[in-house]
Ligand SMILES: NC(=O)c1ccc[n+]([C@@H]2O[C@H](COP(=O)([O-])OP(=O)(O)OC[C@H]3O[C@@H](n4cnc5c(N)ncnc54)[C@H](O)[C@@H]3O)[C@@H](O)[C@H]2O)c1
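So this first bit is one chain, no partners, the form predicted alone, shown in structure tokens.
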């Protein structure tokens, strides 16, 4: 994989895929600022980075809030000395239909899952331009293509990420800024744990639910955050220099299958 020793990155989300991506980039030499809202989760991220002596700085920020993202970006770029990579992994996953989802939940999910991508790009792309280019990776989901019931606002945000990724890629290609999205299937993250607790059934453990979720994937298991992080690292690297405006599914064959047997 590419050498990130001269690269700087901002990653949103300090658990799940965001955490794995930050660690993966830093292990290959990048200097990383990780943005997260939960102090306990942020502390866990900082402890992991310190244990490996990685150049990761964890900042508390609600990435859906303009002023907090702007302030965090200024702090991050000051410490990093510039910006080459943005990984947008922060997300929330409410359950509900358009009837059962209340307006505040709808707006919050849109603001976190989609609005944060706008904000990090709005404040980050000018710094990338000064470096002569960069790479942005937006974490979407297979649910932006095919979806379950009772997840209306979540899937709306994931479909929006696909469209926004294409728009950003076209708008900023001239400045050598590449923008791609990654659409995972079921991956061992706090969001999947929430799904396991919600739909696992009475007396079913999270791990048992994970096994059932995994059985729906042709490869026979759920994915790991570190596997998604490898794809993110490739897309962030110079090896992906001709790759922009695309979505990459990492779903164990889930969306390749027809659900009739």
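Numbering follows the first chain given and starts at 1. Small disclaimer: the values here were computed from a predicted structure and weren't measured.
Form predicted in complex with the named molecule: not shown, discussed below.
Colleague: Does any heavy atom of residue 181 come within 4.5 Å of a heavy atom of the named molecule in the predicted bound form?
Modeller: No, residue 181 sits far enough from the named molecule in the predicted bound form that none of its heavy atoms falls within 4.5 Å.
Colleague: My question is simply whether residue 237 lines the interface with the named molecule in the predicted bound form - judged by any non-hydrogen atom within 4.5 Å.
Modeller: Flag for residue 237 set to no.
Colleague: Is residue 189 part of the interface with the named molecule in the predicted bound form - any heavy atom within 4.5 Å?
Modeller: Contact with the named molecule, yes.
Colleague: Is residue 38 one of the residues lying within 4.5 Å of the named molecule in the predicted bound form, judged by heavy atom distances?
Modeller: Contact check for residue 38: yes, within 4.5 Å of the named molecule in the predicted bound form.
Colleague: Give me the residue from 90, 114, 168, 85 that has a heavy atom within 4.5 Å of the named molecule in the predicted bound form.
Modeller: Partner contact (heavy atom, 4.5 Å) among the options: 90.
Colleague: Select from the listed residues 229, 61, 26, 33 the one whose heavy atoms reach within 4.5 Å of the named molecule in the predicted bound form.
Modeller: Contact check passes for 61.
Colleague: Which single stretch, out of 168-176, 181-189, 75-83, 126-134, brings residue heavy atoms within 4.5 Å of the named molecule in the predicted bound form?
Modeller: Answer to the contact question: 181-189.
Colleague: With the named molecule taken in the predicted bound form, which residues across 9-25 come within 4.5 angstroms through any non-hydrogen atom?
Modeller: The stretch 9-25, when checked against the named molecule in the predicted bound form, contributes 13, 14, 15, 16, 17, 18 at the 4.5 Å heavy-atom cut-off.
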